[in-house]
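In structure tokens, the next block holds one chain alone, the form predicted alone.
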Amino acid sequence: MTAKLAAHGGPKVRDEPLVRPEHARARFGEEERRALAEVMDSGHLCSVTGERTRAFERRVADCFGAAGAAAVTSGTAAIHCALAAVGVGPGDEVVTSPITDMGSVIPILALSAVPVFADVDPETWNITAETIAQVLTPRTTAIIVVHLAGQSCVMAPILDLAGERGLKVIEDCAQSYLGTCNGRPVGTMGDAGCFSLNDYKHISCGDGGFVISKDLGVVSRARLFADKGYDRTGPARDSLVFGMNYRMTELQAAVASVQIEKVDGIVRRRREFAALLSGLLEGIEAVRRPRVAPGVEHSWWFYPFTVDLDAVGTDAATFAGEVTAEGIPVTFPYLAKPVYLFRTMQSGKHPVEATYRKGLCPDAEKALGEMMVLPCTEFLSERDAWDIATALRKVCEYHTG
């Protein structure tokens, strides 16, 4: 007999919350407190006069094997600085993913450049060389690849395409700390890699970000753009280029410097949990586990999955709600619509004349109508994985008999 769903008044699979307040508190400890106290005691909270931010940049460059790094106030700021550093300007077209945050798109608009959206691979939900090639024009100058959920785009063909066309490649790595593609870390394959340090990422300092590059010229220009164009090496203040004020504070850098030392362990535990969960889900026929492209090592910002809706005979929103009622939080939709259909993009109240219609990227639109999201953090246990699998199996069996 099929068990009665919790959504229909039956017993829940799990009563204890899967994601608990103590998880958030456990991300920061005594090391971060000491680092903050040291900055306060120094009397220098601004990176212009302090030492923490520059030390953090050196540590980041070493961690990723980059030539250098520029610390900034957010992942959005990192992309803005990177685009400016590689020379994107008014009227240029920049290709990016429709499944992303506005933080990937705002910097394009802020430079009076034109966002162009490439469709995604229907199984990995990342843009590809093939989909990018379909939207290139003579005005295209750059590509922003978004490594979604911790999975790197398949980079070799994208880099080949960019090389053939003379295009710059910016990597949005906000969700993909320590992800790799054919052994190469994300953020090190294109002209610049951009990372976020906000509270929802693998590591955090509240808000913050950084740009890395194999080219010290890109790093230098990104840092100039982040500091109003000021060259701080000379005795007199002179703004050399147009720029913003995106300076990371010493307080942010203090926390980020401690957090960067934890990222290896965080990503390792997330990978272990994702592998365990994928194994447990293998026997549930209606559940489609995330496909990881060959040569890619995932870093699991979250665990995306889909369900054979024809087999279960219900829609994604209902299915997600039923699993959530069992005590396992499932997010649906991840995004209600692709970013080009957001109100900002449809309003015309942005710096460029461009129009975007429904149906522009059909595979992305279909994916967002199906993709569900489970938590995948370093704090989840084997028991948590079993409970997730039990809840998914229960709901599937209820619908399939």
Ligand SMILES: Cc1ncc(COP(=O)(O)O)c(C=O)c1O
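Don't overthink the numbering: it's just position in the shown sequence, from 1. These numbers come from a predicted model, not from an experiment.
Below, we turn to the form predicted together with the ligand, even though it does not appear here.
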| item | value |
| --- | --- |
| Interface stretch in the predicted complex with the ligand - options 237-245, 102-110, 261-269, 120-128, non-hydrogen atom within 4.5 Å | 102-110 |
| The ligand: the contacting residue among Gln252, Ser196, Thr96, Gln151 in the predicted complex [heavy atom, 4.5 Å] | Ser196 |
| Listed residue that, although the ligand is not shown, lies within 4.5 Å of it in the predicted complex (heavy atoms), from Leu83, Ala174, Val323, Ala162 | Ala174 |
| Distance check, Ser74 to the ligand in the predicted complex, heavy atom within 4.5 Å | yes |
| Exercise: Ile79 in contact with the ligand in the predicted complex, heavy atom 4.5 Å | yes |
| 4.5 angstroms heavy atom contact with the ligand in the predicted complex for Val146 | yes |
| The ligand contact at Lys168 in the predicted complex, heavy atom, 4.5 Å | no |
